[in-house]
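Just one chain is shown here, as structure tokens, and it is the form predicted alone.
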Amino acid sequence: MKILVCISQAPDTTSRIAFTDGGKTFDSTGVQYIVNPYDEWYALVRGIELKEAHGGTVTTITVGGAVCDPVIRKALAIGADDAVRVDAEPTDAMQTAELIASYAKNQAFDLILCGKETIDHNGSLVPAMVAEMLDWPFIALATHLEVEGIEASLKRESAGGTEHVKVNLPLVLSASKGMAEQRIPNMRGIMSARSKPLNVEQGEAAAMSSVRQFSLPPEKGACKIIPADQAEELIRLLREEAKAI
């Protein structure tokens, strides 16, 4: 089985968020970058598990500059066999998807795994776009995946229950919580990652959108503490001052 896992670089969740250039550019000063957790914990680990069960290879693909190499090496340390970095600045979802699909279309992959979204943009757009460009089936927000021959059996949460889906490979899916458990790179994996192939491909695709401005959410207001014996005051505040979220 030949598996491609889409890996994105994202700011650590503890990073200070700020913007420059009049709110148009994310300020990366002092920011520590990590593998996007949904890509790492769910998509990558499940891909490695399938390789261990059925044989084959796991390749990661990342769109970005050389600054992404450390997070790519972490994915290799976890268990991917090799990696591809498309040397282009990711500007929007359409451009990123086009670059991934352009690489994948002639590589005979059986399965493309993505995290459900990135923790910085939260768009959930790239996996579906890749599937459309390749004309492959797409399953969103999958929580379970098994493969038998050319057939994949999946589960995903739906309103009021769980949806069971069967589809033939090749397939693109976005992985959600429940797909796999996080793996921590061991020393052997970290050492072997240094010698695993990281191939740089040139890619070019036009962005379809641009950022007008980023803005931070408003600061939280002061918390009002109402004594337990003043229920009438609490009701008044809820009616007169509380705002819908």
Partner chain sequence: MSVLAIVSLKNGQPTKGGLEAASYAAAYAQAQGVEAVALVAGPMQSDGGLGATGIVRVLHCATELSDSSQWARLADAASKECGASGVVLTHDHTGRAIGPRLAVRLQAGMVSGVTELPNAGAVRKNVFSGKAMADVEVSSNTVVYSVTPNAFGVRDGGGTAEVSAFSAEVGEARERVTGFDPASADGQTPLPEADLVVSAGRGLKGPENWGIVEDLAKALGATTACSRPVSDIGWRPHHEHVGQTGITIRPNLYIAAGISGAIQHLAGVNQSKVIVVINTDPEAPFFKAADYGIVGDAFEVLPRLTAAVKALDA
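Positions refer to the first chain, counted from 1. C-alpha atoms forming the largest set that superposes within 1.5 Å between two forms make up the rigid core. Note that the structure is predicted; figures quoted are calculated from it, not measured.
Keep in mind that the form predicted in complex with its partner chain is not shown, yet the notes after this line are about it.
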| query | finding |
| --- | --- |
| Its partner chain in the predicted bound form: contacted by all of 99, 108 and 186, heavy atom 4.5 Å | no |
| Non-hydrogen atom contact residue 73 with its partner chain in the predicted bound form at 4.5 angstroms | no |
| Distance check, residue 177 to its partner chain in the predicted bound form, heavy atom within 4.5 Å | yes |
| Residue 194 within 4.5 Å of its partner chain in the predicted bound form, heavy atoms | no |
| 4.5 angstroms heavy atom contact with its partner chain in the predicted bound form for residue 144 | no |
| Its partner chain in the predicted bound form: contacting segment from 186 to 194, 209 to 217, 62 to 70, 46 to 54, heavy atom within 4.5 Å | 209 to 217 |
| Any residue of 11 to 32 that, in the predicted bound form, places a heavy atom within 4.5 Å of its partner chain | 11, 13, 14, 15, 17, 19, 26 |
| Rigid core superposed: residue 132 CA moves 2 Å or more between the shown form and the other one | no |
| Core-aligned C-alpha movement of residue 161 between the shown form and the other one reaching 2 Å | yes |
| Core-aligned C-alpha movement of residue 12 between the shown form and the other one, 2 Å or more | no |
